[in-house]
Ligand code: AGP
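Starting off, we have a lone chain in the form predicted on its own, written out as C-alpha cells.
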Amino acid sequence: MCGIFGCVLKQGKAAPLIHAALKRLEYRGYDSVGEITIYDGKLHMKKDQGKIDEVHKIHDLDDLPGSIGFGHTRWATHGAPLQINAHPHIDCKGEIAVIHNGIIENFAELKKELEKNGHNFKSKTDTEIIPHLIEEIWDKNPSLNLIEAVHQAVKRLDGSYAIAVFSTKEPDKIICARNESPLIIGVGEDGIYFASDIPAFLPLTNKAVIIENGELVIISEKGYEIRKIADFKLVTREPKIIDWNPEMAKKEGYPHFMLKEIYEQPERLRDSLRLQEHYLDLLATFLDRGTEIFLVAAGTSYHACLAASYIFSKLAFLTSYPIIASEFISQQGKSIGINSTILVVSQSGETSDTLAAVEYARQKAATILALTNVINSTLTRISRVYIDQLSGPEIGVAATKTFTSQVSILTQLAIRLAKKRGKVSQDEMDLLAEKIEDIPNAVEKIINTKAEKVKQIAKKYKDSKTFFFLGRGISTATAYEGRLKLMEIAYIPSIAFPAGESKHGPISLVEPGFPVVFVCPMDGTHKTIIGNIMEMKARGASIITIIEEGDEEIKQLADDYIEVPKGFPEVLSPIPFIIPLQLLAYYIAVERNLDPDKPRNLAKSVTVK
C-alpha cells in the first residue's frame, strides 16, 4: 500500500537517491511523503502532505545530509493525510525513526500502555507506536543494542508490516522487519538498499533479495544479514538477478496490473480483517438505529452492496435497499428524510453520481455512512462515520481487490449488527468468525491452483459473441460482477440475471454453443440452479460452472467447471466465487489481444455525470 525505500551508502548523499526512488514508486498511489537521514549524531527529517513534487518544491527533499536514510510515500489508513501523520515517525527523545507499510492491529492497546508510561504521541497513526515501543524497551534494558531492541519490539506487533528503523545511538545501520507487507533488499556496489517494490532500486542495482514473512534484516555498509524473528536464527539467502525493465518491475513481473491486483487479493483480504473495531461498532450502531437503510453505490461497488443486502438480511434480519447511485434521487428522493440511513460505498470516494446522491440525502437530514478506499476523499469529509476498506491503490481500471475487500468488510459489519440485534447464536458467530479468517487462504488457493484451468477455458470461449451469467440468491451479485468484468475488458456483450428470470425472456437468445456461466455454491439454491442448468443445456448452451470442490452432480452437467474450496457459509460465497470470473475476464481479454489495464472509454473513477 505505502511505498518505502532506504539505503546505506559507502559514500555520497542518501537524500537525492531516496527522492528519486520514491518518484519511481508513485504508481502505488499516496497522499503524503517524507524523508529522514542521520548525520553528525542527529536525525534530519522533512515530510508533508501532498505529491512528491509539491513537497520537494516547498521543503527541498534533496537537502538532507548524510549517507544513510530512508523515505516513505503514505497511503492513509489511520489518520488523515496531514503533515503530522506523514512518515517517518520518531520517539520522544528524537533518537529513533521508523517508516512502516502495513497495519498494526494491536496499536490501540500498545498506545494505551505507552501513554501510561509517559510517552507523548503526535500523530493519529498506528505506526507511531513503533519508535515509542523501541524507546520503552531500550530504556528498560539499556544494555541492549538496536538490533535486540527492535527484535523485542516487533515480536509484540500484531498485523502486517514492513518496517525500517534506525537510531542516532547506532548510526551505521538500518533494521528492517517483514510480516505480510512486501520488503526487498537491493545489493549494489555503492551501497545496500531496501524497498517495498523492486522499481525503487532497479536503476541502482539488479541484485535483489526477497525477504520472507517473519524475517528481520540488518543493513549496513558491509552488507545485509537476515534473521528469523521467532528465534533469531541466521538465514542465508543469496541475491537474484532481476532482468525486468522498469515497466515490468512496476508490475512485479506480471504482464498487467489487473493480474497483479488479482494476485494481491489474499493480502488485501487479510488487511480487511484488521479494521478498528470501534468504527465497525459505530457503523453497526447507526445502521441499527435507522428506520430505512439504503446501500448506495455505482459499478462494482453496487454489486458489493447487492451482496450486502442479502448478508444483512440473513445475518441481522435487517432490510436494506441496494440502489444504483445515478438512480437514487429519481427512485427514492421524495421518501428520504431524517429517519433514513445511507451507507455509501465507493472505491475512490469521488464518483460524481454517488456524491450527488449523498449531497441530496444530506439536505434531507439523512444519516450518511461510508465505506471507501481513499481517506480524505470528498466522501469521507461529508460522512458521519466512515471505514477505510484497506484495499490499497488499484491501478487497473477493472476493480478486483476492491470488490472482495468491500464484501469482506460489509460481511464483518453484518456480523456486528447481528450480534447487536441478538439475531445470531454464539455458535454461529464463532463459525462465521472462523470462516471469514480463512477466506484469504481460500482465495490464495484458487489463484494458485485454478489460473491455468481458467486460461484454457478462456482460449475455448474467446471468440464467443455473447455470454450469460446466472446465479441465485446472493450469487446473483457474483454473476453481475462477473458479467461486468468481462464486458469491461474483453468487450463481449454479456447478460446477467437471477437464474430464475432466465426463462422470462433471456432464454430465447440461447442456441447451440451459447456460453452460459452459472455460479453454484452448495447453498439453499443448489437444487433449483440445477434445474436452470438443465433448461439451458436442453437448448444447446455450453455450460460453464463455478462450483464447490466435490460437487459431482453439477460437474456432470457442465461442459467446463472450476472448483473453489468448499465449506464456506452462503454469505461469504461471493468472495471465493468471483475469483475464477475475474481470471476468466482477464484471460479472455488477453486472448483477444486487448489491454485489460486500459479498457476503451473507461476511467478508474467516474467524476462526471
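Since the model is a prediction, treat every value here as computed from it, not as a measurement. A residue's number is simply how far along the shown sequence it sits, counting from 1.
The discussion below concerns the form predicted in complex with the named molecule, not included here.
- Judged by heavy atoms within 4.5 Å of the named molecule in the predicted bound form, the contact stretch among the candidates 505-513, 411-419, 443-451, 294-302 is 294-302.
- Residue contact check for Glu488: one or more of its heavy atoms lie within 4.5 Å of the named molecule in the predicted bound form.
- By the criterion of a heavy atom within 4.5 Å, Ser348 is counted among the residues contacting the named molecule in the predicted bound form.
- Although the partner is absent from this view, Val519 stays clear of the named molecule in the predicted bound form, with no non-hydrogen atom inside 4.5 angstroms.
- Taking the partner from the other structure, the named molecule in the predicted bound form has no heavy atom within 4.5 Å of any heavy atom of Val385.
- With the partner removed from view, the residue among Leu282, Ala108, Val397, Ala80 that has a non-hydrogen atom within 4.5 Å of the named molecule in the predicted bound form turns out to be Val397.
- A single residue from the set Leu484, Ala458, Leu315, Ile375 has any heavy atom within 4.5 angstroms of the named molecule in the predicted bound form; that residue is Leu484.
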